[in-house]
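Here are two versions of the same chain, shown separately as structure tokens and labelled structure 1 and structure 2.
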Structure 1
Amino acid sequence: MTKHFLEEDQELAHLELSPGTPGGSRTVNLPVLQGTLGPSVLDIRKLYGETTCFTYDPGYTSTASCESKITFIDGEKGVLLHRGYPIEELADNSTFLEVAYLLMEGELPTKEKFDQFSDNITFHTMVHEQLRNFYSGFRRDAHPMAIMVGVVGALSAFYHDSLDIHDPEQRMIASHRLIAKMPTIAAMAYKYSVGQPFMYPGNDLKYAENLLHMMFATPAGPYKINPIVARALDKILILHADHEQNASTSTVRLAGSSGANPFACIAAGIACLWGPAHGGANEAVLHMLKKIGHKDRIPEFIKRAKDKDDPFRLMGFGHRVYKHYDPRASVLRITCQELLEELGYKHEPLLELAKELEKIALEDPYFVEKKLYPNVDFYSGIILQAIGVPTSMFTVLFAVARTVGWIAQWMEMIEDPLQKIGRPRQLYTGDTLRHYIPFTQRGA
């Protein structure tokens, strides 16, 4: 990595501690760090040593856990940049593999470098044949995400030659293997869940094409890949590739900070992504739209969403970071329309319902005031359903895409000389010191 902003001379912020603070009232000077974009950051690394105080920030809503050069988000303006490039430009002009190279290497590749990178990924797509045995150990109705967590974690038992995280070459080999094999593992999880034979990857197919082939082809006959469908899936993969220090990415970094092997770290990220508050939101959007059912019922559900005593919430609206229209949602809105028209669903009820719901919500003062705009999950589920992907696979495909971001973030963390094992502190509110009492002396 290049020179750290953390090592440069910075201005100081003055923190005044109240008289009730241990050690009494006093002023502490904290360095103010400034990156290339985004808000300033208070450097509190020495705060405990100088004050005997920790900071308290549940959910890390105001805490920068690392320095990164990969992804920048401005939630107030609806901006998402990968290595400085707007997500809209990448989605319209690039491919998933090129974005993968960009995230990992920091620059867009030359034609020669991209061809080499593409070959490295393509010729790593097959998995060890003995991994097939893992699938037969799962119940027939096992959730594909459960299979993904187990199988990806097990990769470390098969690829011993790329587990040394201190060897740059082994790190790169492991990274290529994970990016390459994730679609294969995902497709095998789907095939197992529907009782169909596994399909091997094809070296003549592009990344998204290969994923479609392995999911929907059968030995009984050829599967014709629709280029419009493949491009739509490629865009979904691009839009989900990385998103700064979200829950699953932070999980990968935390696991990696202990020195765990990359396969274990990515398995940890998959487990975190499985949570409905993180990776399962697009499935929840579909369930919500089906529950609403018709445009005429939208006002009823808008009213329910504004009622604090009603548990109903509009899924696909609002975001932890974005207080503006999610730029990824803008891309998917157009992609969704184009795809459905290509597939002959010019008047797809769910899309029409979603567009009307978006229109009404964006004009409602309640949603405008609270800055609840559509996010990336609002349209992605409709696209995946149109392609033929079952809802149980939505989060799996999210994991396939996000593996690239996880890998880039993991590699950046490993190469960071300031990296330490993650060890958050706490505000303890339990009992003070107590001493053991024998049974005979305890009350009823």
Structure 2
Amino acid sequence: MTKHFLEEDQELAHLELSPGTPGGSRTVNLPVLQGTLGPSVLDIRKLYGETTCFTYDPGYTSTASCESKITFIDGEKGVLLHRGYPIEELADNSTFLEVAYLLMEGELPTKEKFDQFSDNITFHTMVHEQLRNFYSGFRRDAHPMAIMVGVVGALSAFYHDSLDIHDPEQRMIASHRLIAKMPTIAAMAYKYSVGQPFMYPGNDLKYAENLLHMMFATPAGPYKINPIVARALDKILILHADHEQNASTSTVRLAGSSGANPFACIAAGIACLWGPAHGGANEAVLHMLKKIGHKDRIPEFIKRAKDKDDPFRLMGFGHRVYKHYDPRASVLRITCQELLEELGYKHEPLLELAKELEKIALEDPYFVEKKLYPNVDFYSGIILQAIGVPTSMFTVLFAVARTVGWIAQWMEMIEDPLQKIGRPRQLYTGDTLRHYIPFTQRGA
């Protein structure tokens, strides 16, 4: 068995507690843990027992919530590694399904193992026929993310034979089902919104091709998949597959820590991803670019983004971890340019506008000082629009890709011998003890 790094002997950090802390001034020794990459971590698990103090870290800006071997980010240098492999190499040379295998299994597959994995995923692409009925319960104008949250959660009611999280075989089947069915469920959400018949998956197609087929083919005639478009979509899926302990991944881990089944956990992740500060940003970028409309109006929007009294933010800019250009955005910037050229767009106004906006923002002292750079969502929307994906489906496709990361992280958590239910504490600032007063004795 691999030795758990948290069990190894660690050096100690000395924390001086001031006289004002409970128990008075003293020094507490805390183990310092060192991963293979990245900053050291203070192990505060015994802090409360020794000091009766909690730590306070809203937004987890200084907190490592778990040990993980899946993804590493160096936000200062703009580095993103999956199982040690740079995202740029994976985006250029790999495929989404191979990256899925890598994230889940820890190694790149041999040809045989990859074929086996591909077959397993392909075998699970259809959804239970009765699941179709769920869609008709939604309004036609429902946001497809609302449908995703509902339908993915509902998978728990259909696949009872893969709900036992303590059985590795069942965990694996549930994982394959989720990766396989997400494109089907996503495409059905789209078809429902446009009033077209659902398309069954084509199991002779590759992952991204199948997604395009289920979204854009109709039973009325043949649909020819453009390989340039399929490759661009596959690249987008690779770039969104995992991203360390982000909000939705942490949501999946927290939901899973209680022993909830994987379908319910992924539904929780989808709900979190929907927010505009997270996966919803790609949709928001397109809305923003359309609202700006012309490069002459960029200064007006930059001014608004800098105004503390205006809630407007430059969408697709800034990141909790990256204080440098997001490496996924670098890949997508080039992909976007290449794709538009290959598709014959000489001048795509939104791309021109986005590049101009990026240029102006990156020269502005506000963005420079706060280290706000384009993130993955800045260019992905322009690519998705160019390949015909409606704006409301942008975050859905992010969810399809991120399912792989959520699953890999969920599996790692379940298999972690130190795994416990996630249960943060708080800094309580409400009323102190008081006693109930009947209506008749309460003031106005």
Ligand code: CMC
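Remember, it's a predicted structure, so these values are computed and weren't measured experimentally. Start at 1 and count along the sequence of structure 1; that gives the residue numbers used here. Rigid core (definition): largest C-alpha set, two forms, superposition within 1.5 Å.
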(message) Looking for the form predicted in complex with this ligand among these two structures; is it 1 or 2?
(response) 2
(request) Decide which of 256, 281, 127, 339 coincides with the hinge of the rigid-body turn seen between the two structures. (result) 281
(message) Rigid-body comparison between the two structures: how many degrees does the smaller part rotate once the larger part is superposed on C-alpha atoms?
(response) 8
(message) When the rigid core is overlaid, by how much has the CA of residue 309 moved between the two structures, in Å to one decimal?
(response) 4.2
(request) Enter the rigid core superposed C-alpha shift of residue 361 between the two structures, rounded to one decimal in Å. (result) 2.6
